[in-house]
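Read the single chain below, which is given as structure tokens and is the form predicted on its own.
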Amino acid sequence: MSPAETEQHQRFLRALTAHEPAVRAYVRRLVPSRADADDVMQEVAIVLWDKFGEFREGAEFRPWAFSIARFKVLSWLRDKGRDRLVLSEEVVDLMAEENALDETRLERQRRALEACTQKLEPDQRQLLMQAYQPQASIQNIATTSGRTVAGFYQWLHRIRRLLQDCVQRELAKEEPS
């Protein structure tokens, strides 16, 4: 493998790893079961890799991956056309359009939340991140922070409200006046 191919492979893996959960969630919303989504995702990953050479540098990977996923879902639906439990192409198109709108809104909210989280004091941000780790023990975090569990939940509630207000202000700045 040449250095250029290695670099392209690494760029693809970074992009796919970063966006795979969102693409999988997108596919999962359009097919009946998790197993079906797994099958479609395998095909999506193959096509993404095959077409990565056509991907424009600087373009957003996620919308491009959603577009490919949408076509793979439609192809899967055609293959499963005899199954009465499968949605029609029109319904999938409608759901895909709605998901694209939701994705845009969610991305704006994610960016705003990230900006607002960065405004917290470092110790507050660290405690917040600890509380949202998988399998986090609130009791341990509360004890480590010198709070009771009830006190920690109150603090967490205040931080969430603070972040919610901040996110709303950030989103309001983006809307045209």
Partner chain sequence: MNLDELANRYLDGQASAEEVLQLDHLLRTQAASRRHFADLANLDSALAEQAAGWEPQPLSKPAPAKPLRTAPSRLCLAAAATIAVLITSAWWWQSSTHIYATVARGIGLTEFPQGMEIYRKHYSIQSGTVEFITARGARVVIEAPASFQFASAQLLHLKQGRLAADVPPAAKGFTVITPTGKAVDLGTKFGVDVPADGQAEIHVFQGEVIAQSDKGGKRQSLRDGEAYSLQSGAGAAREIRSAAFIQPDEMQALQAALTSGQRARSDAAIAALRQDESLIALLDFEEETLPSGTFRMTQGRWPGSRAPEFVHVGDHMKLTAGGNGRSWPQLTLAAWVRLDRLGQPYQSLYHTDGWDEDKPGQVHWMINRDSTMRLALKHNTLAPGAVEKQGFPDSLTPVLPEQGRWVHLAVVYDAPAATVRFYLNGRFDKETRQATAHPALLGPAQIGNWNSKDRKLSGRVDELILLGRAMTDDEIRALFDAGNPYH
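Positions refer to the first chain, counted from 1. Every value quoted in this text rests on a predicted model; they were computed, and no experiment measured them.
Keep in mind that the form predicted together with its partner chain is not shown, yet the notes after this line are about it.
With the partner omitted from this view, the residue of Thr144, Thr148, Gln130, Ser67 that lies near its partner chain in the predicted bound form is Gln130 [heavy atom within 4.5 Å]. For Arg78, no non-hydrogen atom is located within 4.5 Å of its partner chain in the predicted bound form, even though that partner is not displayed.
Taking non-hydrogen atoms only, Arg160 approaches its partner chain to within 4.5 angstroms in the predicted bound form. Among heavy atoms of Leu74, none comes within 4.5 Å of its partner chain in the predicted bound form. Contact annotation for Arg110: at least one heavy atom lies within 4.5 Å of its partner chain in the predicted bound form.
Although its partner chain is not shown here, in the predicted bound form the stretch 98-124 places heavy atoms of Glu98, Asn99, Asp102, Arg105, Leu106, Gln109, Arg110, Leu113, Glu114, Thr117, Gln118, Pro122, Asp123 within 4.5 Å of it, in sequence order. Annotation: Gln164/Pro21 CA-CA distance shorter in the predicted bound form than in the displayed model, change of at least 3 Å.
With a change of no less than 3 Å, the CA-CA distance between Tyr26 and Gln109 is smaller in the predicted bound form than in the form shown.
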